[in-house]
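Here you get one chain, nothing else, as structure tokens; it is the form predicted on its own.
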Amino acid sequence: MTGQTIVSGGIQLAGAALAPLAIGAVQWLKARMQGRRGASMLQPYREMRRLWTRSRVRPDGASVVYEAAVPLSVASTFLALLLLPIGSVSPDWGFGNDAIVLFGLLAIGRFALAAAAWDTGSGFELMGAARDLTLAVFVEALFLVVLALLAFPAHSTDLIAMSASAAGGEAWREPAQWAAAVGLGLVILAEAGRRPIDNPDTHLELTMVHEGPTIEFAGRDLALLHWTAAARTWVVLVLAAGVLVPHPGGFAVQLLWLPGWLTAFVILLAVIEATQPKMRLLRVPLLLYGGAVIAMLGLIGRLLGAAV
């Protein structure tokens, strides 16, 4: 391994520790924008530490499906962290750097929690899982179209090639790149469970979406699921910084672009959180469908441009 791949791999692994900080920063900034003091940026770590000291629970009648949900969700999300391009470089961890693999790993984590909800038979957990899967139909379709849009200039779904093709910013001369930005922005809001798609502050069972499938978990299991949710947000933010926005220069310069873009994304999420209310649940698919239409128009434009 070269020095660049070692540094890139170290940053990928560091993402596992830094992911909750991004969530805490969004919450802190949102509170300040709303005129509140708000909790510290380190609050997610405190919550996970508190949960880690509590005993876990196992619902009556739960099978191995429930027991496997947390390990499978954590493992798939951690592997997704190792696929992210850092400075257009990534170590060879043995399972490639394909964007479709990244998409599949995130889908596995969602499926594991949904399967656990069906296994326990809890009414509120099933309700949350059903809502999550309903939105996932639109989110995952949109995500695939966005990945296709971003892979087109690189002629590959390899994340390293996609990152290199986006580095200079030439792709932003085409409307298709702006369509990809709209689509990926909606994917980030959905995967992060932020407004207007979801309300991360709610703890009412009747309004939960992403938190719904975790109702029957407690203690260390719930702490790990909180980490998984934060890590999924980190994955889509770093992905946007790596394959969507410009990051010109050599490896060292691109490393400086990464925290800058992540800070910008965190601020943008906080602004949206502070200014946008939660949408009615039945209107969320329309928002995601609109994003998919825009992304599809961008993809059609690129296909027609390539055919000329």
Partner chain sequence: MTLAGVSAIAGACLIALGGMAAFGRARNRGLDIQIAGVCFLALAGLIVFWSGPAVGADFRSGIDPALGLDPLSGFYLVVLCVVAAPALLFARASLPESGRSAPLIALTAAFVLSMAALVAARDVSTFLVAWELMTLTPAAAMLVWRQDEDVRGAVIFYVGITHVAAVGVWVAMLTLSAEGVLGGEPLGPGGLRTLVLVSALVGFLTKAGIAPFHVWLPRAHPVAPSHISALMSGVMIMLGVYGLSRVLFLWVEDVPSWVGVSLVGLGSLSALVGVLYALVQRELKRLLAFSSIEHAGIVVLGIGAAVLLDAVGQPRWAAIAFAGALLQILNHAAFKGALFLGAGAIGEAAGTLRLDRMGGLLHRMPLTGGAFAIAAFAIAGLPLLNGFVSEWISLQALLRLPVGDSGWFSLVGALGAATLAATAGLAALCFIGVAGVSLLGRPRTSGASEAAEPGGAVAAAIAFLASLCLALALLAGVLVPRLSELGPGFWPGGPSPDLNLPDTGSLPTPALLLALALLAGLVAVVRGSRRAAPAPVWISGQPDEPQLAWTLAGFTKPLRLMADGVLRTRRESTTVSPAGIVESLRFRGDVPHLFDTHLFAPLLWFAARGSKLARRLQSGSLRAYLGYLMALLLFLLLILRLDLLS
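Numbering follows the first chain given and starts at 1. Please read all numbers here as calculations on a predicted model, not as lab measurements.
A second form of this protein, the form predicted together with its partner chain, is not displayed here; the remarks below concern that form.
Residue-level contacts in the predicted bound form: of Arg46, Arg32, Arg58, Lys278, one residue has a heavy atom within 4.5 Å of its partner chain, and it is Arg58.
Only one listed stretch (231-239, 177-185, 68-76, 192-200) carries heavy atoms within 4.5 Å of its partner chain in the predicted bound form, and that stretch is 68-76. In the predicted bound form, none of the heavy atoms of Phe251 sits within 4.5 Å of a heavy atom of its partner chain.
The closest heavy atom approach of Leu256 to its partner chain in the predicted bound form falls outside 4.5 Å. Using a 4.5 angstroms limit between non-hydrogen atoms, Ile86 is distant from its partner chain in the predicted bound form. In the predicted bound form, no heavy atom of Ala166 sits within 4.5 Å of its partner chain. Looking at its partner chain in the predicted bound form, residues Ala115, Leu126 and Leu282 each place a heavy atom within 4.5 Å of it.
Taking a 4.5 Å heavy atom cutoff to its partner chain in the predicted bound form, none of the residues in 21-43 make contact.
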